[in-house]
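Before any questions on binding or motion, here is one chain by itself as structure tokens, the form predicted alone.
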Amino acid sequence: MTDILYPILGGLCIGLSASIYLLATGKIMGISGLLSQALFGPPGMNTKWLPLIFLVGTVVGGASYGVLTHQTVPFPDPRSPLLLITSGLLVGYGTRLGSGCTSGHGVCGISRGSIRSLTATAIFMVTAILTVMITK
């Protein structure tokens, strides 16, 4: 039963937090946008600190879940630091190029009925499937 319950509760929490963030700030909850606002936005509660608090809450919430439920995550084989940095920069560039990240488009954009987000999410999914097919 809990195998089904946790993902449902997690999805409800993500949807609820996206709705609360939209109502509180008038902005869409996407991780890349929040990170950009926290790092580069002008100072002020709604432009800098609220996104930072949201990001910290995301990390603390995920870590708390792992500790409280005794979850273990197997780590992949060690990767080259250069590969990790390059990958991170490419992901950051892609989120700017796509006007948002997968969470922003997939969770918030599709729920608002955005054609752009539906298209972006479809492209993300097709690219991910092709990447796995090519690399595996």
Partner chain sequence: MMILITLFCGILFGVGLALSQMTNPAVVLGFLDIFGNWNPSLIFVMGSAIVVGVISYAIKNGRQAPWLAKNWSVPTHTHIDAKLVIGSALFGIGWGLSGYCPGPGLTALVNNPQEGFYFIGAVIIGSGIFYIQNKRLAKA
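Positions refer to the first chain, counted from 1. Here the rigid core means the biggest group of C-alpha atoms that line up within 1.5 Å when the two forms are laid on top of each other. Quick caveat: nothing in here was measured; it's all calculated off a predicted structure.
There is also a form predicted in complex with its partner chain; it is not shown, and the following applies to it.
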item: Contact label in the predicted bound form: Ala38 to its partner chain, heavy atom within 4.5 Å; value: no
item: Those residues of 101-130 which, in the predicted bound form, come within 4.5 Å of its partner chain by heavy atom; value: Cys101, Thr102, Ser103, His105, Gly106, Val107, Cys108, Ile110, Ser111, Arg112, Ile115, Arg116, Thr119, Ala120, Thr121, Ile123, Phe124, Met125, Thr127, Ala128, Ile129
item: Core-superposed comparison between this form and the one not shown, Ser111 Cα displacement 2 Å or beyond; value: no
